[in-house]
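There is one chain below, alone, in structure tokens, taken in the form predicted alone.
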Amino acid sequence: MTNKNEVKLFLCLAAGALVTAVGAVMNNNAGRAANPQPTASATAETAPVAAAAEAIPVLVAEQGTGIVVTKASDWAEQYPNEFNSYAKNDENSEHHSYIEQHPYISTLYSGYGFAIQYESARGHTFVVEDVTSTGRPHKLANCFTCKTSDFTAKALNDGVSAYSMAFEDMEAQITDPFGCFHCHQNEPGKLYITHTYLANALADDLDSQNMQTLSCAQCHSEYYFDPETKATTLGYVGHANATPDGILNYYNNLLDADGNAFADWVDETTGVRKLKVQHPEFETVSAAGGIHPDMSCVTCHMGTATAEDGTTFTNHYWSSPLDNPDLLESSCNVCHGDLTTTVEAIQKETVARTDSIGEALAKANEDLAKAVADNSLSEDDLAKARDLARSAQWYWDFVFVENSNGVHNKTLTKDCLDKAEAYLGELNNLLGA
């Protein structure tokens, strides 16, 4: 298995964010009711599975309050166990080039920043360093979404105008990387949605969601930058539409003044209006067929830990459950037998199929570019070919960039790759390939 597919990178994307409560959570947000969560049952015949998410109210941070970030390091003395486990993310420092590992993506992402440099993710504490050192161009401050508590507070205080600031202007204001503020605001023991675009996207479905999962979903989700405001925005309204089909439909119906569907960029060699999927863990896990719907992201990727003095605390080292021997022994393997072997089998199959389709997509992209250059397709066939290429790459990319390589939702993964292959087959038939 290649480094991209190591389970330890499940939720360590550069845009990553997941933090859970460090204590009991009280609902002090008038008008928002606590959402009761299902709990995992345990009987003599069933495993003592990890505890499901507690009943935690969905709290959305207020905007325009002038809030100032309390840095993660400022909580170190009061919450040493939580802070020290957070600092442990510094140990996850290794990364590698996806372009070197999967050369075909240079063709699929041609004309976009990810064809210039595309590094694997590492610990959340490196996100500012990673986004400022990448070879990809950064024009606006919206690239700092999820990367620093300072920008999160800036967006809360200033609204959408924060997203169109110059990248360098925001960089000069950074004092705290990804830290406690994203999920706790300045109130340890409570969870807040500080990225309000998530609340906007879920709309009336917000209160029915698991707050611990929402805490992660703020950044582990598919997004785009609004063409007018440049604000980070999710491509759906309502949880039922938070699927690959629903999001693609959203983009296909988001038209510019000339009637063109939204695109992250246009491939100059083919004219295809392409979309770049961004770490859709939330949409993948919460769609039908997702892993352990009775639990939250926190259950598997954080959990509890015991300090040397016997104190139990919430672990803030974000890792794969396979890197948590206590969790594996006490919970996962009781049901799964050998979770590591199960996960590796799913990932091996997913990666092999993803690479196979990716290589075929790159070949079709080259064939389409040649057809455009030769002017060998009618106007109608060219329009159809471009649409097929856009759709095929969308469904392929939804799997390629989702960090679990199939484990988070085997059903959805198979469905996406099936659709990518189907669109690719139609494209090849049209091109006579």
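From 1 onward, residues are counted along the sequence shown. Note that this is a predicted model, so its numbers are computed, not measured.
Keep in mind that the form predicted in complex with a small molecule is not shown, yet the notes after this line are about it.
- Of the candidates S319, T350, N142, T243, S319 is the one whose heavy atoms come within 4.5 Å of the small molecule in the predicted complex; the others do not.
- Of the candidates Y112, F313, Y104, F167, F313 is the one whose heavy atoms come within 4.5 Å of the small molecule in the predicted complex; the others do not.
- Although the partner is absent here, I99 is not a contact residue: none of its heavy atoms lies within 4.5 angstroms of the small molecule in the predicted complex.
- Although the partner is absent here, A153 is not a contact residue: none of its heavy atoms lies within 4.5 angstroms of the small molecule in the predicted complex.
- At a distance threshold of 4.5 angstroms between non-hydrogen atoms, Y236 is out of contact with the small molecule in the predicted complex.
- At a distance threshold of 4.5 angstroms between non-hydrogen atoms, I291 is in contact with the small molecule in the predicted complex.
- Stretch-level contact analysis of 259 to 267, 228 to 236, 80 to 88, 359 to 367 against the small molecule in the predicted complex, using heavy atoms and a 4.5 Å limit, identifies 80 to 88.
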